[in-house]
Ligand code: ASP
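Next comes just one chain, in structure tokens: the form predicted alone.
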Amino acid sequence: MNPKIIVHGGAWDWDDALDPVKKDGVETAVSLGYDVLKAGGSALDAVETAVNSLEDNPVFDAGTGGYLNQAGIVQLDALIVDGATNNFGAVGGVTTVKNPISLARRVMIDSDFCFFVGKGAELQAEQFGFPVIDNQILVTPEMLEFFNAQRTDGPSDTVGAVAIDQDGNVAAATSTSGTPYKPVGRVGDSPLFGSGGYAENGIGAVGATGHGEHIMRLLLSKFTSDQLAKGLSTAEAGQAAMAFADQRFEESMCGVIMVDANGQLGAAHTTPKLAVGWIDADGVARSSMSGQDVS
């Protein structure tokens, strides 16, 4: 199997002036993930590595540079899914961990449970040996300005990655700080299995982004995966998922990325923009702010 990976840096709308930095961000992340796959690493390793890069990049709405909630705290959510086992790990409302996707993976691998939230997730992080950080480390001047203005709009959204490795194993990873100026304790679709992400060997892996409440209500990642299971191509599955979303909501504002069991990549969205990065057939990192022509 020729390994493949695709990442996203959110589905929403933003000023065109941000396109160059978003382009650099998704291309860097997908290149790092692909390096893992080329070296024989697993799909899980690749998506974690790619999402770590996106979490550390303040251009995106995850980890460093995430949105502050109404209490002035950056609350982080993350999900990682192993398509080989249908196991997943998730965390919600985390405030003292720099890279929540890595914590989600440890939850999946090193605990008997799937999902921890708030102080419980942070306690797990300490027990796993993660450094405890001051939440202010995650706050950037730009996001502090958003908070002080009590703005509920923003230029970025969730980040994520899906991949298939040389053994045909698939994985999905999603990470976010949620919506700007969100109520304390609000959790969106990103850490929810089947909503923010889904992966199953023999079918593929999907990651979702956009309007979280809509994505949760649709179980959008699982719905998209079900279309792949019916034999639809990634392009057809994406179109079906977006049509499904538009039938349910007047402004669905969502997007998906995917890889099927044959290594075919895909992306679709109902938002004005979707930032995606992928590796083309020549091994070159490419990107699009409109989620089109992914191959």
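Note that residue numbering begins at 1 and tracks the sequence as displayed. Predicted model only: the values in this text are computed from it and were never measured.
Just so it is clear, the following notes concern the form predicted together with the ligand, a form of the same protein that is not shown.
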property	result
4.5 angstroms heavy atom contact with the ligand in the model of the complex for residue 92	no
Any non-hydrogen atom of residue 55 within 4.5 angstroms of the ligand in the model of the complex	no
In the model of the complex, residue 96 touching the ligand (heavy atom, 4.5 Å)	no
Contact label in the model of the complex: residue 124 to the ligand, heavy atom within 4.5 Å	no
Partner-proximal stretch of 80-88, 187-195, 163-171, 136-144 relative to the ligand in the model of the complex, 4.5 angstroms, heavy atom	187-195
Stretch 102-129 - residues with a heavy atom within 4.5 Å of the ligand in the model of the complex	none
